[in-house]
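Just the one chain here, laid out as structure tokens, in the form predicted alone.
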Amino acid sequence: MEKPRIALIGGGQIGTTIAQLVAQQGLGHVVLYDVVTGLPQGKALDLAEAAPVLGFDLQISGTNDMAGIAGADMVVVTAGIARKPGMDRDDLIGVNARIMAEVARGIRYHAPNAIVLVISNPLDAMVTLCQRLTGFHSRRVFGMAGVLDSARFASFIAWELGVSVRDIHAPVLGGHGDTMVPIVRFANVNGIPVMDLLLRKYAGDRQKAEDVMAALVTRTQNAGGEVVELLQTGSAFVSPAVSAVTMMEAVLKDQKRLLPTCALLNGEFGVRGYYVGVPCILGAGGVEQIVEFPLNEEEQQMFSNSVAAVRNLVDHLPVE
């Protein structure tokens, strides 16, 4: 059976890490595109020469020509500038919108049948622009944010409780920014609510448990910025890459996984015409189903605030 052809747009740290993970997991042949002469070719050659050691038998190539992505089954867009200390994701919109516009037109022309996963920031605006300019059905264009944000929330909970991260489920919805919505009500350790475990840890002191959870939520909302401030010269790349590969695998292997996904809403959760992070079933068709559930009053208020932030950003996109 022929392996899928995967095009990675952007040869930075996220794109390169995805390329390595895709190769190691045998998900498909990889072409890495970047505008910098020699960069994608050099990184592809380096990775290809590791094949005998890592044990993968796939084609890995690099190109500076968008025509090199022709025939891609899946395209992952990481292109764009990264945040610097003191910046938020929204500060990137002007430059990254211009980059995305060029990329989207290239995808439309060279890979018209591809499923597209967008990672570039500000995520909700960039996936919107990509879908508009490719003209692809919205189920074939979606964004990675919630898998990463949920992983961060789960990590912080695990460290607080002193339990394995493998047993924690902690969904995060909404826009990919400081208005994201960690769903505390659904956060659990193998089915046991996290709030119950926090109450147990703090001897039934509900105020203390609520304060700790509030701090975990805030840290999750600011997690990307925390990494940026520590690195000083870049932003997170390993956790976004592994999160993206999780979504890619769900599509390429038709796993029907229920994952938080930045998807175009058409009435779900009371939102129409905007890309927002919600639970979706991902399979061979891309976003095959948006899974709606009732929000409580607090969650609804947070979700509405997050959607308003997304709407403000999208409605002021500098490129159409």
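This is a predicted model, so every value here is computed, not measured. Residue indices: 1-based, along the sequence shown.
The same protein also exists as the form predicted together with a small molecule; that form is not shown, yet it is the one meant from here on.
A.B. asks: Quick one: in the predicted complex, does every one of Asp34, Leu39 and Asn121 get a heavy atom within 4.5 Å of the small molecule?
C.D. replies: Result yes, every residue of the spot touches the small molecule.
A.B. asks: Out of the stretches listed (236-244, 189-197, 160-168, 130-138), which one is close to the small molecule in the predicted complex, meaning heavy atoms within 4.5 Å?
C.D. replies: Result of the contact check: 236-244.
A.B. asks: Can Gly106 be called a contact residue for the small molecule in the predicted complex at 4.5 Å between heavy atoms?
C.D. replies: Outside the cut-off, so no.
A.B. asks: Is Met144 close to the small molecule in the predicted complex, meaning a heavy atom pair under 4.5 Å apart or at it?
C.D. replies: So Met144 counts as contacting the small molecule.
A.B. asks: Classify Gly177 as contacting or not contacting the small molecule in the predicted complex by the rule of any non-hydrogen atom within 4.5 angstroms, answering yes or no.
C.D. replies: No, Gly177 is distant from the partner.
A.B. asks: Classify Val310 as contacting or not contacting the small molecule in the predicted complex by the rule of any non-hydrogen atom within 4.5 angstroms, answering yes or no.
C.D. replies: Answer no; every heavy atom of Val310 is more than 4.5 Å from the small molecule in the predicted complex.
A.B. asks: Which residue, Val184, Ile99, Ile115, Ile93, is the contact with the small molecule in the predicted complex, using a 4.5 Å heavy atom cutoff?
C.D. replies: Here the answer is residue option Ile99.
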